[in-house]
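What follows is one chain in C-alpha cells, specifically the form predicted on its own.
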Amino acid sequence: MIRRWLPYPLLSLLLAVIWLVLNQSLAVGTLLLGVLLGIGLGLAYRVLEPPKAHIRNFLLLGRLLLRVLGDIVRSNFAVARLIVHRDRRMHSGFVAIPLTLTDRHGLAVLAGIITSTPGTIWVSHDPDLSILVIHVLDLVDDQAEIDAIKQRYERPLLEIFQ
C-alpha cells in the first residue's frame, strides 16, 4: 500500500527538503506543499519507469567520489589563480574524447563530474561515435586532458557500471 503512494521515498523526501530549503521556511503551508510536491513528483517519476543502475563496485565508487571532491577543490584554486593573475594568457578550447563507457548511468555520472569541476564543461556526446566533447577553460595539452578524463574518471566508471 505504501509503495503505491510512495514508490521512491528517498526521492520524495529529497524533493520536499529541497522545496523547504529554496523557500527558506518551515511554515505549515510551505511544509505541506513540499510534502505534496515530493509525493507527486515521486509518482510522476514512477511513470517514467527509469532503468535501474547496477553498481558493481561500491568501494571504487567511494574512492571516485573522494577523487572528484579533491579535483573540484584543486580546480577551484586553479580557476581563482587564472582570475587573479590576468596577465597570464589563457588558451581555452574544445577537446574531443573517444569514450569506451556506454552505460547511461556511468555517462550521467561522468557528465556530473566534468560539469561540476570548475574550468571544464560537458558540451556534447555523440552516442553513435562514442565521442564526448568538453570545453576546457585553460587548455594546455589536448592529449593530456583526454588521458586525464579517461584515466581519472572513465576507467573507474567502467568498473563501477559496466
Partner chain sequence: MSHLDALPPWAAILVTVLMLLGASLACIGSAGLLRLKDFYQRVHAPTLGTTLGTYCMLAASITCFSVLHGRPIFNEILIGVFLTLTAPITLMLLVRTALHRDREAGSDYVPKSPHKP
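Every value quoted in this text rests on a predicted model; they were computed, and no experiment measured them. Positions refer to the first chain, counted from 1.
The following text describes the form predicted together with the partner chain, which does not appear among the structures shown.
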Could you tell me which one of L137, L32, L60, I55 places a heavy atom within 4.5 Å of the partner chain in the predicted bound form? L137
Answer key, the partner chain contact in the predicted bound form at 4.5 Å (heavy atoms) among P98, P50, G40, G93: the residue is G93
Using heavy atoms and a 4.5 Å limit, would one call L36 a contact residue for the partner chain in the predicted bound form? no
Can you check whether S116 is within 4.5 Å of the partner chain in the predicted bound form, heavy atom basis? yes
How about I18 - does it come within 4.5 Å of the partner chain in the predicted bound form, if we only consider non-hydrogen atoms? yes
May I ask you to check whether V28 falls inside a 4.5 Å heavy atom distance of the partner chain in the predicted bound form? no
Residue by residue through 57 to 73, which ones have a non-hydrogen atom no more than 4.5 angstroms from the partner chain in the predicted bound form? L69, I72, V73
Tell me whether I18 and G119 end up closer or farther apart in the predicted bound form, going by their C-alpha atoms; the shift is 3 Å or more. farther
Would one find the Cα atoms of L14 and L61 closer or farther in the predicted bound form than in this form, where their distance changes by 3 Å or more? closer
